[in-house]
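Coming up is one lone chain in structure tokens, specifically the form predicted alone.
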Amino acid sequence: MLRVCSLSLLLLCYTAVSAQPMDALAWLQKIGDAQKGLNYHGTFVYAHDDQLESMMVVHSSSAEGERERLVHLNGVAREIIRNNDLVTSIFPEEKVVLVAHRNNLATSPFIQPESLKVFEKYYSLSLGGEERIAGIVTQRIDFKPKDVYRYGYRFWVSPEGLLLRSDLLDGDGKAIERIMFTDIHLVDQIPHELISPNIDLTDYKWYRQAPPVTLDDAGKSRWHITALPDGFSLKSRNLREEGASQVEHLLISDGLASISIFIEKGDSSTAARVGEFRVGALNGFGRLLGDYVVVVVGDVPLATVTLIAESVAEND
């Protein structure tokens, strides 16, 4: 009880000291710092397409880097553990473990210093009121896109900079995706038992993907993009072995929205990936390009993924 009272007093003092107004960009900088540097654990809900998923998240930051654990609490059992760029996915019902390297994690935290100057050019930023999320008074930040190639956003941010709620908004301002914490705990250090799986993996079948090969420049790739909406840029390009085929993956972002481009040789499943589709709040579009299939997926309007997919071309 004494610890709870002391923490409450500390938060009250913090609020009083931090009462000086901050603009929207300063809050965004705070989010970027907090996402990577804080130790916390909690539960959040992910709402989309009339579905509601509940997840537990644990995040640890130390001199060795970042560790993160994500546990699905309803629906199909699944657990994901990230140790820097090594991602381990556990599927208890199938008794399968998939280990993969992800070299595009430079976009996490997604709000980085170089992105801040982009936001005001392509989004109208404004501060809303203060609202309580997971028992914490948060500051609301509104993003209104200035073109048709982006969705809008609404963030609710804790005094420490944690993003406790995020709404993705369509052109009419309606939330098409919502992520919201229901409880959150900031701690000095994450206990080992919280960041490690509590499942006996002895009898599980393990699959390990080879690390992707980073393609440093377009000269090492067979493909290039001829049209991108202003403000979006290439963040990473890599080549991954998927069974007997190679998949080239390009990651595009404006600092908020993320778009993935997948290019691989066509096979018996190609026809199912051609045309427009939707997965949750993600829009997708696939097209044939000679013997290859190009699939573009992102948290952006359909017009954006279609434009980019149609602009992929083979190098001369």
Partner chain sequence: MEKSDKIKCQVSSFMDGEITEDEVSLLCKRIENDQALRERWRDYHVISDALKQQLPVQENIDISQRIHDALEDEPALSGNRKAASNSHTVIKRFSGLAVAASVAILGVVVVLNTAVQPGGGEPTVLAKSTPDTVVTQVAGLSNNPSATQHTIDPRLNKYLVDHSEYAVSASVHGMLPYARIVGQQSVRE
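The structure displayed is predicted, hence computed values, not measured ones. Residue numbers count along the first chain shown, from 1.
In what follows, reference is made to the form predicted in complex with its partner chain, a form of this protein that is not presented.
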item	value
Residue (of E130, E120, D230, D170) lying close to its partner chain in the model of the complex, criterion heavy atoms within 4.5 Å	D170
Touches its partner chain in the model of the complex: L302 (any heavy atom, 4.5 Å)	yes
Exercise: E93 in contact with its partner chain in the model of the complex, heavy atom 4.5 Å	yes
Any non-hydrogen atom of L288 within 4.5 angstroms of its partner chain in the model of the complex	no
In the model of the complex, S60 touching its partner chain (heavy atom, 4.5 Å)	no
Those residues of 139-165 which, in the model of the complex, come within 4.5 Å of its partner chain by heavy atom	V148, Y149, Y151, Y153, F155, L163, R165
Residue pair V76, N198 - Cα distance in the model of the complex, closer or farther (3 Å or more)	closer
